[in-house]
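Coming up is one lone chain in structure tokens, specifically the form predicted on its own.
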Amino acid sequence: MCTYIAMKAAILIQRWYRRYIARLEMRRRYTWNIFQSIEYAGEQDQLQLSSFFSFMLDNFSQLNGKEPDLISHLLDPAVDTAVDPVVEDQRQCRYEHILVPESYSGPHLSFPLSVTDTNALLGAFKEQQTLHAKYVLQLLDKTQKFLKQMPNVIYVSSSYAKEITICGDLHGRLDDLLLIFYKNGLPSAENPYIFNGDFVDRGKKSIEIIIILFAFLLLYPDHMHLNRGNHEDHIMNLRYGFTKEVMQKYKTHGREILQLLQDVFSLLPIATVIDNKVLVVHGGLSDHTDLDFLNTVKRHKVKSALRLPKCSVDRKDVRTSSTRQRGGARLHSPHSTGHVPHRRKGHHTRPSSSSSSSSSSSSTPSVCSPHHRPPSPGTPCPTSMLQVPFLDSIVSLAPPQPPRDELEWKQVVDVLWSDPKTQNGCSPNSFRGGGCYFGPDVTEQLLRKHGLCLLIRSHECKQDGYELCHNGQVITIFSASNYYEEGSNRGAYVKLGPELVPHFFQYQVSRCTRKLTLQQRVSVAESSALKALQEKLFAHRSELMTAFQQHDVNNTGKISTAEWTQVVDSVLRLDLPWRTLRPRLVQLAPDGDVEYESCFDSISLGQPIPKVAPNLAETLCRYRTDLEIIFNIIDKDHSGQISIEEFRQTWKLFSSHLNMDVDDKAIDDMARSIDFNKDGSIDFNEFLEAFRVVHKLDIKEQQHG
């Protein structure tokens, strides 16, 4: 009898525990979905913001008759400074005349670098010290000159070392990099590394990370390899924090550092091939990716993957006009590849492929621009022809070729921005806003064509730090632990030996000595994710309320759960399990219907400014991050102050670009109301703080704390 009772109790405990773990797993999964959906929605917003920057360059002459110097250089450089020897000489003269004061207590660098220098950098950054601007500029200058000699695709061998280590995204998290070096050893001839892009943005130590990586690159040029990521892009840096970090840490020489970094980033190699068998790229592939063509790309011209080359934009304007007149011909053309890539000292040169063409099942539009994707270089073009009347007959002429810059740009975009999917085929990556989704068949096709067996990529945060897909032919490696929130994910790196068998190593940086339980980790991450989602709801309050009220014909303040789910899904477009999330976001009435206004109860604006209409306040809240970027660009002296006229013109441009109907009088009233001391200037940090979403629960906790 006692045995029976004990067995029954054990079964009950087991069932309870399984249900408990299942509930935790459900919370963990929807928390992860919230973080990823909001992250990718932010990248879509970035594409819209980069489009505004182009618009701003064309229209900013209204402000004092000239453009701000930094934005004009960053977004539309007049010369290709990455390869201009005159500009290089000027920069070298400039940093040579910078004096290092005696009071400076940080590391001093001497070139060529030695192990002593890299050790000094690591020790200084552990102690929260900052490298002097003179040494930063000198390091970047040396790195630029070195990278100019490198090919687009680097070929390395593992036969000279026991194993080679591949690391994924770091995103400004210095603690993760230091932990990797502690566990795996510093880069050296016996311990080679590949860092697969996205060194900067989001984290607070981006400049320290690239200083360390570039220093080891110069110290061990044949054993330290850096691929470009989609965040090695000056327009991405404007939104995701790296530009702001540099300007805060280097107030005097920050602009020079950023201008030089723009060139250095554009010179980073695009891919690395290990033992002619393993391809390492940051994002992924498309059905048009061609390594032979990629080797011939003038990568320094692709300053930003978010901007179509200017000549292509101008050409498309002409093409659109011509198409309207002639009836709309599709413009596709074949393209041949060019020279043999430069061979890196001490490395293998990959044997040429038997064919330089790549097949494509369909022509899909590029998501980074509204234009059609060109066919793969070297692929026979469709039979689209322009019919031109000539005397009494019709003569068929081949359409004009798309410019080479555009073909190169699209190849780079796909490699930096694409993600794998489980279904076959290739389609636009509409969720992220750039690149493609590529299926197992696309992976198999490219690997087989180039004699490869494995693709290693990064670009996506994974809960365990790594993930295998496409029948084990694709590995995703992500090295920034706690990416979304403390405990949200592990970081990882992968090691390959001569047998090319991957070995994964996981880790997680922890700020506290006591490890959090699974329940605590899930709760912390879930709370952060729900706050971010509530802010998203608040930023779209007007649209949501309009849609809710269309279903609430009797004005009861209630709608069904199905109607509420349909509305939030259609307005926010985040692809989330809204029915599962509903209890955490909104209250139910006694009859089971949703009280839809309750989803805004827990949040409010910081300190609403008088004379600002609610709809305008909501718009400002929604685009607060974008406005902060724009204002920081306009504020050349970093005083935190901009003129009222600059504020008016910038906001008019922004609202015009987004096709928002904002009354000029409302903008003027708002500008006057936030000029608190009536000196004709606006403290936009205080202004933006007024439109920051505040969680009422946080306020209560602070008051009771």
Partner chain sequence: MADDKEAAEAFVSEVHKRISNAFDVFDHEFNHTVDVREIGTIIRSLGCFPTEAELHDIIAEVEEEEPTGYIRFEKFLPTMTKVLMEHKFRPIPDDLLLQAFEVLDQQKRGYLEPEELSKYLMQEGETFTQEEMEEMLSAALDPDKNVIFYKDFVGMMTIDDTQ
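What you see is a predicted model, and the numbers here were worked out from it, not measured in a lab. Superpose the two forms; the largest set of C-alphas matching within 1.5 Å is the rigid core. Numbering follows the first chain given and starts at 1.
Keep in mind that the form predicted together with its partner chain is missing from the display, and what follows is about it.
**Student:** Given that its partner chain is left out here, which of 175, 575, 163, 552 has a heavy atom within 4.5 Å of it in the model of the complex?
**Tutor:** Flagged contact: 575.
**Student:** Could you work out which of 223, 421, 299, 541 is the residue within 4.5 angstroms of its partner chain in the model of the complex, going by heavy atoms?
**Tutor:** Of 223, 421, 299, 541, the residue with a heavy atom within 4.5 Å of its partner chain in the model of the complex is 421.
**Student:** Where, among 230-238, 133-141, 480-488, 577-585, do residues come within 4.5 Å of its partner chain in the model of the complex by heavy atom distance?
**Tutor:** It is the stretch 577-585.
**Student:** I'd like to know whether residue 517 contacts its partner chain in the model of the complex, with contact meaning heavy atoms within 4.5 angstroms.
**Tutor:** Yes, residue 517 sits close enough to its partner chain in the model of the complex that at least one of its heavy atoms falls within 4.5 Å.
**Student:** Does residue 189 make contact with its partner chain in the model of the complex, using a 4.5 Å heavy atom cut-off?
**Tutor:** Output for residue 189 is no: heavy atoms all beyond 4.5 Å of its partner chain.
**Student:** In the model of the complex, does residue 27 have a heavy atom within 4.5 Å of its partner chain?
**Tutor:** Although its partner chain is absent here, residue 27 would touch it in the model of the complex, with heavy atoms inside 4.5 Å.
**Student:** Any of the heavy atoms of residue 501 lying within 4.5 Å of its partner chain in the model of the complex?
**Tutor:** Although its partner chain is absent here, residue 501 would stay clear of it in the model of the complex, with no heavy atoms inside 4.5 Å.
**Student:** Pick out the residues of 219-255 whose heavy atoms come within 4.5 Å of its partner chain in the model of the complex.
**Tutor:** The stretch 219-255, when checked against its partner chain in the model of the complex, contributes no residue at the 4.5 Å heavy-atom cut-off.
**Student:** Using the core for the fit, does the CA position of residue 9 change by 2 Å or more between the shown form and the other one?
**Tutor:** Superposed on the core, residue 9 moves its C-alpha 2 Å or more between the shown form and the other one.
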